[in-house]
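So this first bit is one chain, no partners, the form predicted alone, shown in structure tokens.
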Amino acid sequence: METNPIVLFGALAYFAVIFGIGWYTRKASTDANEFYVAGRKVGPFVNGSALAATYFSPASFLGLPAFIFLLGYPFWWALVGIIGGMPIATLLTAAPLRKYAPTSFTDYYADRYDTKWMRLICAFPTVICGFTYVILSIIGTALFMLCILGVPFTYSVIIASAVVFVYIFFGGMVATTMSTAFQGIAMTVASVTAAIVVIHHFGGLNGLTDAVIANNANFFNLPYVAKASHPLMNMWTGVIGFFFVWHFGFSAMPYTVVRFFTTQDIKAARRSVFWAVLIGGLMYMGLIVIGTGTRVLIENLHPLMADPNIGSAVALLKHLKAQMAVGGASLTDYSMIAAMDSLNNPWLLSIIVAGGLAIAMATAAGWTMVLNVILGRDLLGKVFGMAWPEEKPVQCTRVMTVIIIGVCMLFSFEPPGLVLDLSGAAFIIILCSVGPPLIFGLWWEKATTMAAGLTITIMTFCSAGAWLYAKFTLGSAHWFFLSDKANKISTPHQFYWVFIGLAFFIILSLVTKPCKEEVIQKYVIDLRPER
């Protein structure tokens, strides 16, 4: 595959900026406070951009336009859910966690529930899902390099892993924050630019709408219409499910929660959410336009459609998947790239490749920082009492970074699944397990240690088991795992476990021993915003 020099320039310029940030922030590696939480001096705009970039993984940039392409207009509401859920973080977690000012995601669990073993319990689902996110981010980066730059997938995985490793290794959270803030701007510019080009190509929004309807008359059908664009959207549970899969995640996901620890003060933590909503909202507006036009762009403009054996966009994506030979990736993972390639605009592709690399690497870096602190400082040091993480915290964290990136790189060579499905599974497991003890722990005085431990453990196994059963028995994780095969019920990513986890935690807290009064005073009442 021959790469246009303009597209190659976009990728090289992006890599140059990222390497420059890593090298510039290398001095931060000498201080543990700088390495872990960027010295708690990050401003609201930088932190907000970093929040958006970390939260919106390759599942957003690659997967969400693909779901609009497959499921049609009703899936727009899932995107609204993601943006709508972000301000909730300001009310639920941003201010109290910044007031508490921990170093690690597990600190609050250990203090609020008054046992060091809570670190180990909440680390279990967090580490599993964290590795999953880093893997899918490396895969997403590699897919962009493979499809747009023509770099073989194996080499793409190695390059993606190496770049993320270098700037984390040198600068820790300082480098991660600065690079991720830049990546947040890059991904938004890429998305909005692409949307403008798509709209201009069709002569305006009305022209795009007419072209989409001419290509797929069912695209804008609502779920109650018998011939909706896809079976998953024939039920309201599909729309509601996709809406809630991501709605509350911003408040409880470890890789966004730790961002509140790095801000200058409580006010900066709150304002950073505003900037995250603005930056992320603009990106999602662009992705909605891209996803809406994907099918018609591919089927009308892509050069491979001239092949008589390829009669549709789906068939073309299957051809690309076979041609690229990335076994674990889904054909939908190529749809956004194929749509942009159809426009035959090298300047656009150069921006898209920079944006795609940015969003993938931002998530990989954010999760790697969460994982290396949990594995080193929290588990080895706080739980098992090793002196190494305390005496040489930066060295310990760097060793963990080597292990995390190395293991995830090995798994990325043979991807275990498509980008969006891996993200959805990890998201639900985290939210239904560690989410309730965090949210209720901050705001409900009756939240108990027993309820926290059992909720995290049981919900981890239940949500993961239901997801895997549905995936391999019913053929998709988006069907309720106890459905009859002939009459499947739409429950995207087994989202109902989030509500079961919340209810389970409440019930257990009401019937188990409460925490000490001094613990409740310090980690609940004292953390509430002043009136």
Partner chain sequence: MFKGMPKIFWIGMAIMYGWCFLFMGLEMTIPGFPLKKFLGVPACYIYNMIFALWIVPTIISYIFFKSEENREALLEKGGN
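Bear in mind that the values here come from a model prediction, so they are computed numbers and not experimental data. Residue numbers count along the first chain shown, from 1.
A second form of this protein, the form predicted together with the partner chain, is not displayed here; the remarks below concern that form.
Q) Quick one: is Tyr284 in contact with the partner chain in the model of the complex, heavy atoms, 4.5 Å cut-off? A) Answer yes; at least one heavy atom of Tyr284 falls within 4.5 Å of the partner chain in the model of the complex.
Q) Going by a heavy atom distance of 4.5 Å, is Ile506 a contact of the partner chain in the model of the complex? A) Because a heavy atom of Ile506 falls inside 4.5 Å of the partner chain in the model of the complex, the answer is yes.
Q. Going by a heavy atom distance of 4.5 Å, is Phe274 a contact of the partner chain in the model of the complex?
A. Yes, Phe274 sits close enough to the partner chain in the model of the complex that at least one of its heavy atoms falls within 4.5 Å.
Q. Does His200 reach the partner chain in the model of the complex if we count a contact as any heavy atom within 4.5 Å?
A. So His200 does not count as contacting the partner chain.
Q | Site test, Leu70, Phe131 and Val399 vs the partner chain in the model of the complex, non-hydrogen atom cutoff 4.5 Å | A | No, the candidate spot makes no contact with the partner chain.
Q: Please determine, with the chain shown alone, which of 214-222, 145-153, 452-460, 119-127 has non-hydrogen atoms within 4.5 Å of the partner chain in the model of the complex.
A: It is 214-222 that comes within 4.5 Å of the partner.
Q) Pick from Ile405, Leu79, Ala313, Ala338: which residue has any heavy atom within 4.5 angstroms of the partner chain in the model of the complex? A) Here the answer is residue option Leu79.
(Q) Just to be sure I understand the contacts: of Phe244, Phe165, Phe411, Tyr100, which is the one whose heavy atoms reach within 4.5 angstroms of the partner chain in the model of the complex? (A) By the 4.5 Å criterion, the partner-contacting residue is Phe244.
Q: Just give me the residues of 177-211, first to last, that have a heavy atom within 4.5 Å of the partner chain in the model of the complex.
A: Residues within 4.5 Å: Leu205, Asn206, Leu208, Thr209.
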